[in-house]
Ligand SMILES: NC(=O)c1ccc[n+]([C@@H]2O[C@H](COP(=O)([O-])OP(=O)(O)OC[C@H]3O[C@@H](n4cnc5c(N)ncnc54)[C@H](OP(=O)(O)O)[C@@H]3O)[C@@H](O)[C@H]2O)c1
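Taking the form predicted alone, here's one chain by itself in structure tokens.
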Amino acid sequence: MPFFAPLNPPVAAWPGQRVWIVGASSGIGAETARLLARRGARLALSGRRAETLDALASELATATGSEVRSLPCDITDAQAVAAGARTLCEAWGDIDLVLVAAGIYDALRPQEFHEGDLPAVRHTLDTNLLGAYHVLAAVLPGFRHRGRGHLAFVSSVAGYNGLPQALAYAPSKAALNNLCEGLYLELQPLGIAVTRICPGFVDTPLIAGGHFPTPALQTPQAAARAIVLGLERGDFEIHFPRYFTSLLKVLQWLPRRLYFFLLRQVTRP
């Protein structure tokens, strides 16, 4: 493969593509579903809120004429995720792309952390990190057998560096970022694509009520457009808005003394 070729096969056309969105109830997952339905993809929408998924599936099928099915399941339940994958393979014969958009955020303050916060930590890791492994266990054997498939994970720029008030969220996303790189190295030679999606701040329920700055805040619709465009380009990492996320990438290379100083200036009450 030429050095500057796309790291993944670009998605040249969406009509007929069988896409499973895990975490489609709201936010980035729901808006990406809306955009892909308009482009003709066949969709399965998963999440914990069955009524919300049913309403969204009905809305999109009516508005676009695309096939959109509701497939409720909790990403923290490995058996439910595996059952969902089996249901789709029986109905579709195959899955072309899985977009894992499920995620939660708990604002855990370092100076107030205590034993009572551990359940929130476990729930965050179960959803943001172990949930990704549940999806892998459900779909990867089939992808390997067929020698094709696409795994896309919505992570976060919060995984680039340590952050205050994100003692569970940021480490979960840092681990997910690392997982995506390892998966790419292992799976790309087998014909399986892996995409890591690292948004900046997006105006979703995930950050509602958070007591922290939200520079370069994006709409979920803008996030969905960036994700679909990145998949169409064949990117390994999709990060946006670029003027903000590129700065955060630079911060990864700073000496920690300088990084801590700069971050305290930004986050100081």
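These numbers were taken from a predicted model, which means no experiment stands behind them. In this text, residue numbers run from 1 along the sequence as written.
Another form, the form predicted in complex with the named molecule, is not on view; read the next lines as being about it.
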Contact at 7, 183 and 188 by the named molecule in the model of the complex, all three, heavy atom at most 4.5 Å: no
Contact of residue 64 with the named molecule in the model of the complex (heavy atom, 4.5 Å): no
Interface membership of residue 204, the named molecule in the model of the complex, 4.5 Å heavy atom rule: yes
Contact label in the model of the complex: residue 173 to the named molecule, heavy atom within 4.5 Å: yes
Proximity of residue 88 to the named molecule in the model of the complex, heavy atoms at 4.5 Å: no
Contact residue in the model of the complex, chosen from 166, 192, 139, 75 - any heavy atom within 4.5 Å of the named molecule: 75
Heavy atom contact within 4.5 Å of the named molecule in the model of the complex, the stretch among 152 to 160, 139 to 147, 88 to 96, 113 to 121: 152 to 160
Within 4.5 Å of the named molecule in the model of the complex: residues from 28 to 46 (heavy atom criterion): 28, 29
